[in-house]
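Only one chain comes next, encoded as structure tokens, the form predicted alone.
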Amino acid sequence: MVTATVWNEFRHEREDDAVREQYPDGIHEAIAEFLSDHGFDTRTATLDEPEHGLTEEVLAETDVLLWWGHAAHDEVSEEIVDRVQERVLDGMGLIVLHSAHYSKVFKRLMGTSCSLKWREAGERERLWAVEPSHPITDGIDEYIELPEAEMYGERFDVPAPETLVFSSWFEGGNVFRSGCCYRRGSGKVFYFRPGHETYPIYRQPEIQRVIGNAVEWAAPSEGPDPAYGERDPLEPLD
């Protein structure tokens, strides 16, 4: 069974009535609940726990880490960023959600500013599946309609994705690369844009299906462990 850990700052839900109304137990618990329903072994971790809830033991047991952050990126310790990066390079999957594009972890792995345009106007979004044969789009229609969303717009300052799975159109005219796949070391990384804290986007079945598919895709495979450094020859050398 794939083990997924859902990480969240868990600040907005405690401080903002509009967010608490949407996610009274926290965004992390809402995501963990539907991932459990999808059959994953799921746990949660939050910023204010010791070591942000991401101890070496927790990460060692995690196949896929999901990261949601917004208001407190700077409070994440460099030690934990190093720890997460090392686990991704070793094969742990990472799903980066919505405003976590600005997280220290994602910026470290991308090597860029990860900046973008944004606008909070509750506008309609169409999330187009531009790579319909990809495992992350399994069971999804050609597009997902989001009645209200925060706009993220190009230019999105990230490396060109190895696979672009979703592309968004917004009512105000902007477009955005909303589903980006990367590999870093032995690990898979998926950035997925939908999920602003004041809209019930994580309650939408299609969005839940995409995130569940992404966890399956990002989970470590059972391939060989690569060896590095100086090696003896496999055959005799003259």
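Position 1 is the first residue in the sequence shown; the rest follow in order. Bear in mind that the values here come from a model prediction, so they are computed numbers and not experimental data.
There is another form of the same protein, the form predicted together with a further copy of the same chain; it is not shown, and what comes next is about it.
- Just one of Lys188, His196, His52, His70 comes within 4.5 Å of a further copy of the same chain in the predicted complex, counting any heavy atom, and that one is Lys188.
- When a further copy of the same chain is considered in the predicted complex, Pro24 lies well away from it, no heavy atom lying within 4.5 Å.
- The closest non-hydrogen atom of His134 lies within 4.5 Å of a further copy of the same chain in the predicted complex.
- When a further copy of the same chain is considered in the predicted complex, Asp82 lies well away from it, no heavy atom lying within 4.5 Å.
- Taking non-hydrogen atoms only, Thr46 never approaches a further copy of the same chain to within 4.5 angstroms in the predicted complex.
- Comparing 171 to 179, 57 to 65, 198 to 206, 34 to 42 against a further copy of the same chain in the predicted complex, the single stretch with non-hydrogen atoms within 4.5 angstroms of it is 171 to 179.
- The partner is not shown here, but in the predicted complex the stretch 106 to 135 reaches within 4.5 angstroms of a further copy of the same chain through a heavy atom at Arg108, Leu109, Met110, Gly111, Thr112, Ser113, Ser115, Leu116, Lys117, Trp118, Arg119, Ala121, Glu123, Arg124, Arg126, Trp128, Ala129, Val130, Glu131, Pro132, Ser133, His134, Pro135.
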